[in-house]
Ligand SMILES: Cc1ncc(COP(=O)(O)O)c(C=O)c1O
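Quick heads-up: it's one chain on its own, the form predicted alone, in structure tokens.
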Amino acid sequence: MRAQAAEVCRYPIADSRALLTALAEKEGVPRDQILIGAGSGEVLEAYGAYLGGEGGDVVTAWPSYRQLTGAMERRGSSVIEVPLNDRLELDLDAMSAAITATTKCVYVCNPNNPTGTIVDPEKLREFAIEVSKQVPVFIDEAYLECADDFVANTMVGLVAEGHNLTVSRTFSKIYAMAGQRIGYAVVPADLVAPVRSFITGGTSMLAMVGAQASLADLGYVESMRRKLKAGRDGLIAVLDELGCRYVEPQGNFVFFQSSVSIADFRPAMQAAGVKVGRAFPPYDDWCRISIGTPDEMTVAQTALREVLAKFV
């Protein structure tokens, strides 16, 4: 990115083509099934805008990420929110049962945000195949490359097999390029053009260069995955020590029950030097903490001990 900085006066046409080729090779699909956006959020927004214009509804878990479903809702669709199960995992059976004659999409965030839980891959595969015979399925895998076993859990192969399924990814998480705003989706060929028509911006040349370099650095992802797991494990050890309930995390964050209202817990943690996640109703005494550098996690662990001691 430093080497190419002097070229930012140019449109990134060649870089776009090169990145499309690299992504297509990674995902095992033709280039014309890759849709690049300014973060995967732009793709989620465009997909939601495309589907949401004529009413109907979208089925999703709750709580879960809201960008795609929010885009549909703003354009007239209803959102059918299916509660998580007792393990704070997506309830695929209940989501399937919630599909109606007017359902236009089923949205699955895996690992889920904010819980970080992951669903059984065989069950998800079966779910995706069966549901996509009725309505389009969108699987948001923004955090999946942070999980312990990415290969076993990704559903991108179903797109290549021709199912009515879209899988999105981002360079904001495992690749640490959140500020560059670049992500993409692997999309059924017939959906690429209509969804692309709702893309409003696009991404920058330096983001594309950085993404290509990231994909070429084959050892990076495994190295970062180990570091994220170490950060999660360290945080979990403190939660065990403090007697806090948590769910099995597979993203770059941990979701745990502080047993303190997040309205009180959040400012107390910020005063101790740590910004934690927003409220995620109905889990109002739960907290989401992202994994940072080892030094940052030391600060977070110390803050957790100090803050929770004040509320006990």
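Residues carry their position along the shown sequence, with the first being 1. Just so we're clear, the structure is a prediction, and the values are computed from it rather than from any experiment.
The same protein also has a form predicted in complex with this ligand, omitted here; what follows describes it.
With the partner left out here, this ligand still marks one of 107 to 115, 206 to 214, 123 to 131, 229 to 237 in the model of the complex; by a 4.5 Å heavy atom cut-off that stretch is 107 to 115. Distance criterion of 4.5 Å from any heavy atom to this ligand in the model of the complex singles out 172 from the list 172, 103, 154, 164. In the model of the complex, this ligand sits within 4.5 Å of a heavy atom of residue 181. Proximity of residue 40 to this ligand in the model of the complex falls within the 4.5 Å heavy atom cutoff.
Contact check for residue 88: every heavy atom lies farther than 4.5 Å from this ligand in the model of the complex. Proximity of residue 44 to this ligand in the model of the complex: non-hydrogen atoms within 4.5 Å are present. Contacts to this ligand in the model of the complex (heavy atom within 4.5 Å) from stretch 189 to 204: none.
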